[in-house]
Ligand code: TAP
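One chain is shown next in structure tokens, namely the form predicted alone.
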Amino acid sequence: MNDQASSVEDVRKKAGLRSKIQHQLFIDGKFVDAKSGETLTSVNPHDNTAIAEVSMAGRADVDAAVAAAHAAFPAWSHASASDRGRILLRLADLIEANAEELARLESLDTGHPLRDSRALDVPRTALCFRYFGGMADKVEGTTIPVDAGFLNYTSREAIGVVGQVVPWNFPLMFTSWKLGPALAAGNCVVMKPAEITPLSSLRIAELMTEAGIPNGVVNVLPGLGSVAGQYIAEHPHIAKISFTGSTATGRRIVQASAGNLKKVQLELGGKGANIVFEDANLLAAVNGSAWAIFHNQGQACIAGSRLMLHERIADEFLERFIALAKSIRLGNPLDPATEMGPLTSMLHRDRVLGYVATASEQGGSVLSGGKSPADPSLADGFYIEPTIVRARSFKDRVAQEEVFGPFVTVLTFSSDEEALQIANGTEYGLGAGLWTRDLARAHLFARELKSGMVWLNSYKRVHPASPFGGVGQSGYGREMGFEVMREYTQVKSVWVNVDAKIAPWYAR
């Protein structure tokens, strides 16, 4: 056994994993090294130790994956929709059968607390594949009333080979969000997981083979965004790209896609307004607001990162909220008692801490946290205490820019009109929430908030049946539900002359 294999085996045993940790590219049904031989170290964010050397795809690897997907597309797209669905249903069963292993692998690679991976990430992944397994044979066309004597109907067809770029914050779950609808619709896929968190995506590729997915239908290519991601967006034989990530990268994806005018679906950044009115149930709002920002260390595009409090209840709310934040247990993600793990990378931890300095420079005040924990057992990891910052103005950078960490910006308001102005006062429009007992106010804000999703007396709820996506700089297109099936299909209109009486246009 070579040193690399020995090291990976040691990590596997220490993490309590039964199966081998896959760290190669998955192309045409096989795990292979990158043609260049290049690798990147996958790092455990708890202690900054190496997990594995993961193959990094280059342009030649993308070409190979696209060729495999193109070869597989005719048979897959013409297969019975129910047969495609059955494979996704079998995959959901396999995910549940391997739930503990997947949860541990995700926690090892990302820093998600094991209790989150067990209770949320793995069940949501299985649920999503099961939902779209059931959706596969339910994609319908329409019959349209047109001119007398004609039958006009539409059908929805697979697009072809689609490229998918998956972010690092929820890599396991996002494999199902992306692959589920694409495969149910009959497409073949070239997916690039984030280079820093690829391990659970590669394990899903392995389980897909076990579920019966034909070779070439799914290809998984860890690689740098600037190399593999860029080429997927540019590739002339990829017909659509679905990207989840930052708004800045989303703009580059759009530019790169122009070469063959591929279809583009973007789920980008957010700066969620979480509004607590004076009549709210404070206990529910405090707990819900903590979940909104501190779950997964705040690394979520829909995080409630702007906490907007009515001035009458602000002091009482903050007293309870700060106490709750300080009580959150930081620790090794593989410890079931841990409630908050590390951020996923050192680079990102340093970026988040930089916003603490930015807040102070602009006249804000740190109410809690704002630093790495003092616990020496966490010193080597990428940890940040739950951080609460009060901003001077809703125009401050910490109230406008996506921090993407356990960092919440507190703002106050005195009227509904001011609350709406602040909530809509950013370039983003992904998710927003509000806490109130006033039914009329709740529906009015749901209508007026510039946001793709609104939660009333809750926050950050998702389900495969409910459309997910934003407006403005948060992107366009939708994940989930029937809406996403429109994203992964194209409409064909068919005209049939049944008994139309068409007079000759050129009478002779």
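In this text, residue numbers run from 1 along the sequence as written. Since the model is a prediction, treat every value here as computed from it, not as a measurement.
One more form of this protein, predicted together with the ligand, exists but is not displayed; see below.
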item	value
Leu172, Cys188, Leu108, Cys301 - the one with a heavy atom within 4.5 Å of the ligand in the model of the complex	Cys301
Answer option from Thr409, Ser289, Thr244, Thr436, heavy atom within 4.5 Å of the ligand in the model of the complex	Thr244
Candidate site Ser19, Ala52 and Leu102: all three near the ligand in the model of the complex by heavy atom within 4.5 Å	no
Segment assignment from 70 to 78, 414 to 422, 361 to 369, 225 to 233: heavy atom within 4.5 Å of the ligand in the model of the complex	225 to 233
4.5 Å heavy atom contact, Gly216 and the ligand in the model of the complex	no
4.5 Å heavy atom contact, Phe382 and the ligand in the model of the complex	no
Interface membership of His348, the ligand in the model of the complex, 4.5 Å heavy atom rule	yes
The ligand contact at Gly269 in the model of the complex, heavy atom, 4.5 Å	yes
Residues from 162 to 196 in contact with the ligand (non-hydrogen atom within 4.5 Å) in the model of the complex	Val165, Val166, Pro167, Trp168, Asn169, Phe174, Lys192, Pro193, Ala194, Glu195
